[in-house]
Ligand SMILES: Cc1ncc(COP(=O)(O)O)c(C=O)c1O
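The data below hold one chain only, encoded as structure tokens and taken in the form predicted alone.
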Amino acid sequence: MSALSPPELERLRARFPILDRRTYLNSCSLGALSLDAEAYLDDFRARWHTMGASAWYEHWMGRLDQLRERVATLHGAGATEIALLPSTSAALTVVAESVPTRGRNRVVCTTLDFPTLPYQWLVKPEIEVVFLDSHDGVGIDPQQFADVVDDRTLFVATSHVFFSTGFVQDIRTIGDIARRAGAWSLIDGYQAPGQIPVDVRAAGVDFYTSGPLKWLCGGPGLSYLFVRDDLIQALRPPFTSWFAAKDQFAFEVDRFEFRDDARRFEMGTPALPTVHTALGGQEALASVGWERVFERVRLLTNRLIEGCLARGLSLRVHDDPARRSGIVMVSHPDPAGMVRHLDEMDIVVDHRPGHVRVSPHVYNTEDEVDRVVDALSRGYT
């Protein structure tokens, strides 16, 4: 595998117009918009103008199938294992309400997970939510899961990559721990696909959620749900939609039969504009080869970390490079103020409590990484 050459990187950067005027290092909040995504969106708009509803049958249903196929390939899954939903919250709700509890009432999460994940169960008084605390403030030792998961556990529900530290969890081990106890494994992967390799089948997890908003550069309004193939037909969601019907265009009102694939979990018409931008964003990234994408994110992340440490900045990252992702947390007494200061310099990053959050992607340059390190080390007055 060869690294991106300067001409290749220049051509890739030209597909993301924001890079012409801003140093954009905030892909873990919102991936940059590509010309590829705009072209797909223009195609959607043009067909709406010229074909109206007939575009559904001749084009747009095909776009949904195309997206499921591409998402499945990227996640190491089959297209029949992928459902399209409006948000991660909706995906979590579908999973939580579809599985049999079998007398179990405990859900194991961590204090580092994105709040959407535990919120799903905190609103259910019959569920006991067990939170694992991080010993180092960065990650969770898999043994912590093993110590608490037992025959009372319904779900082990946690993140693939922690949004607040960038720590990459060993989801294969977590899936094994859940399986041995007879619990379900539910992984929130929204911060993973597009920046690190994902293989849900190899990991052996039951459910995995992700989406195009962040590292896949597809925008908001869509989520992807993986359901392991051998579970699909055994699960019957207690609510449904016409997209979940086995023969949705028969328009039968007096009978309902679930689809045999993961589309039985879909909750109605997907957001077609985002379906199109998701296809374009993923296509732009895939054009350079996914392994090269992952390798460049690692390279830029290491450069960012090394640069910050050399300048004496304090970081919230794991010691083991194998557990790191493209999310780097830089300690700061006024992170919101620093983010505003950087914005005035046309450097776009984000902040979370106590930290400035910087996230380089494949389309960033070494000079951009060095620029943000220099700005962070100088501070502001």
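Quick caveat, the model's predicted, so the values are computed rather than measured. Each residue number is its position in the shown sequence, starting from 1.
Absent from the display: the form predicted in complex with the ligand. The rest refers to it.
This chain lacks the partner; the member of 114, 258, 119, 243 within 4.5 angstroms of the ligand in the model of the complex by a non-hydrogen atom is 114.
For the options 269, 98, 87, 248, the residue carrying a heavy atom within 4.5 angstroms of the ligand in the model of the complex is 87.
Looking at residue 163, you'd find a heavy atom of it within 4.5 angstroms of the ligand in the model of the complex. Proximity of residue 188 to the ligand in the model of the complex: non-hydrogen atoms within 4.5 Å are present. Only one segment in the set 170-178, 189-197, 227-235, 273-281 has residues whose heavy atoms sit within 4.5 Å of the ligand in the model of the complex; it is 189-197. In the model of the complex, just one residue of 200-214 lies within 4.5 Å of the ligand by at least one heavy atom: 214.
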